[in-house]
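To begin, one chain is listed below as structure tokens, in the form predicted on its own.
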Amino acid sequence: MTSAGPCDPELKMAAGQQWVLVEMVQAFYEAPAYHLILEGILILWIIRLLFSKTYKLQERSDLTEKEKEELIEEWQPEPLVPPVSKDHPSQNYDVVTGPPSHKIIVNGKECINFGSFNFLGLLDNERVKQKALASLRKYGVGTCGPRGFYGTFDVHLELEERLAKFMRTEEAIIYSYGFATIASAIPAYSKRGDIVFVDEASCFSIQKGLQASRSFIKYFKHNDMEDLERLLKEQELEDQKNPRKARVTRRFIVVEGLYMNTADICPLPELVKLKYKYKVRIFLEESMSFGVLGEHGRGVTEHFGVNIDDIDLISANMENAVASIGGFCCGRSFVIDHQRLSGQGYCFSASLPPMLASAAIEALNIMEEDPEIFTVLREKCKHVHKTLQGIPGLKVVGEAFAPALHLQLENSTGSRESDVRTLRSIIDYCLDRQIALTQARYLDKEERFLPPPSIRVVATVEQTEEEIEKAASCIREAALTILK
């Protein structure tokens, strides 16, 4: 056998290169004519770009110092924000001194409070205050850290356990800011590409949560189940066209129990039927119905007798009936635990001050010990609703059992600003006569469906029949005087 010479690798390499050239020439001859023409045009275009001038230097004349100064003086920067009139409601406050309980001191005048969401009268409750004070002495004022960074205190875990037990769910999670609760919960589950069906009357915190989720949003007419089913059927047909995409797309229905902007109730039993028929998940925001509806104050599910396990997620703030701060979500453990990893308000905000968690726990104790308080509240709501009927120029918006009703103008002046000023005049008239009302406020340019201007009238368990009659009489008198 003859051994390989030292030049054999070089010969093989040269032979390989020749073979590559042969293949290139062969490919050139076999290529279609249009392909060769296109390549030739591209080569010529590249050569032209390389050797042609792309721009011509402009002659410039330097400005004198005087001309520069004149131009600088003439220049006006764009305003950072649009100008706001000093008469704008956001620039004028009604200043409260003392607790906003049954009697409230507004601008130095003591009034009967028909403006604060202190539905159960627990804000100034002595038991609640004593528990908060004891917690303040033990833990201090705040927490100075989110739940994952030394911000989890034993009272937080106790409150979560108590809320889950009260609502009869597996688990609960608390947030330090009510607005951020549903605004954090929605984007924790619904992501880009998912589909959310939302009631047009949904509150601003829901709108912000939808915006953060970057999901595909489909709005249905307020409390119109036929319109919702129409959208669900349309989506079902779309899913049949692309089953692979449909398998990875999540679908949600987001509603409120009692709507903040309309004071009416969602048709929950019908929503549950649609949930199972079209295989969607339901998120229920109960800030206005928790501690209000149901025999024990558990909200819309108890009000309608709906199994709470049929609802995928319930959220509510603790700033109304519970008279504390923050909010909570409750549901199945695997659903709630997910928020501990991806709920923005939970992960990145300092946790709820322990004294407010203790106050909320004591409020729950009172609610459990005295369920009759919810019957009293419903009777007061009905009385307020009844006495407000028939006021000239104003219409009552909301259910008879809603604790925060709206008074809207029967006939608009034609200008939203003018309507707002007119309603404010009615509020000021009543304030001068020791009845404290408030106006519903909205971010006009950011609301998806801007509600009409309105006065909010809030019912609480502490108001007497005489006070309710006095308030209604005062509003009627104001309407007759101002709406001539």
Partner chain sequence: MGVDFRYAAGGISGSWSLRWWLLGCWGFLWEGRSCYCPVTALPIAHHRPRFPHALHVCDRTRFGSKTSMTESSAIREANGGPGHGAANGLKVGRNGWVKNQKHHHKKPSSCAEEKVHHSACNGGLYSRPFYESFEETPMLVAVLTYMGYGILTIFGYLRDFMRQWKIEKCHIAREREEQKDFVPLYQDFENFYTRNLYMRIRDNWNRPICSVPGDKMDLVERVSYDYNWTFGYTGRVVKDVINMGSYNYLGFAENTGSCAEAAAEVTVKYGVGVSSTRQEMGNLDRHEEMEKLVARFLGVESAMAFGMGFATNSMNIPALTGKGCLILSDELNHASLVLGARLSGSTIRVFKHNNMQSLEKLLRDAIVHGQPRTHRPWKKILILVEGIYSMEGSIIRLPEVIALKKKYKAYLYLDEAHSIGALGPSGRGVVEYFGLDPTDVDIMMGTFTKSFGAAGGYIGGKKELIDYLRSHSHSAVYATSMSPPVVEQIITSMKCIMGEDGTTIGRERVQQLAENTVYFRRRLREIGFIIYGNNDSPVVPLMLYLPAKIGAFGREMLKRNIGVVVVGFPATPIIESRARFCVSASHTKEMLDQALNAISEVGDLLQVKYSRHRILPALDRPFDESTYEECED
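Positions refer to the first chain, counted from 1. These figures come from a predicted structure and were not determined experimentally. Here the rigid core means the biggest group of C-alpha atoms that line up within 1.5 Å when the two forms are laid on top of each other.
The form predicted together with its partner chain is left out here; the points below concern that form.
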(Q) Quick check for you: of 366 to 374, 221 to 229, 263 to 271, 348 to 356, which stretch puts a non-hydrogen atom within 4.5 Å of its partner chain in the predicted bound form? (A) 348 to 356
Q.
So, a 4.5 angstroms cut-off on heavy atom distances: do all three of Gly193, Lys233 and Lys386 pass it with respect to its partner chain in the predicted bound form?
A. no
Q) Which listed residue (Leu409, Ile361, Ile391, Ala180) meets the criterion of a heavy atom within 4.5 Å of its partner chain in the predicted bound form? A) Ala180
Q. From the list His303, Arg251, Arg378, His102, which entry has a heavy atom within 4.5 Å of its partner chain in the predicted bound form?
A. Arg251
Q.
So in the predicted bound form, is its partner chain close enough to Leu237 to count as touching (4.5 Å, heavy atoms)?
A. no
(Q) Please tell me whether any heavy atom belonging to Glu447 falls inside 4.5 Å of a heavy atom of its partner chain, as the geometry stands in the predicted bound form. (A) yes
Q. According to a 4.5 angstroms non-hydrogen atom cut-off, is Gln439 in contact with its partner chain in the predicted bound form?
A. yes
Q: Using the partner position in the predicted bound form, report whether Thr413 sits within 4.5 Å of its partner chain, counting heavy atoms only.
A: no
Q. Taking its partner chain in the predicted bound form, which residues along 282 to 319 bring a heavy atom to within 4.5 Å of it?
A. Asn307, Asp309, Asp310, Asp312, Glu319
Q.
So that I can tell if Asp444 moves, could you say whether its C-alpha shifts by at least 2 Å between the shown form and the other one after the core superposition?
A. no
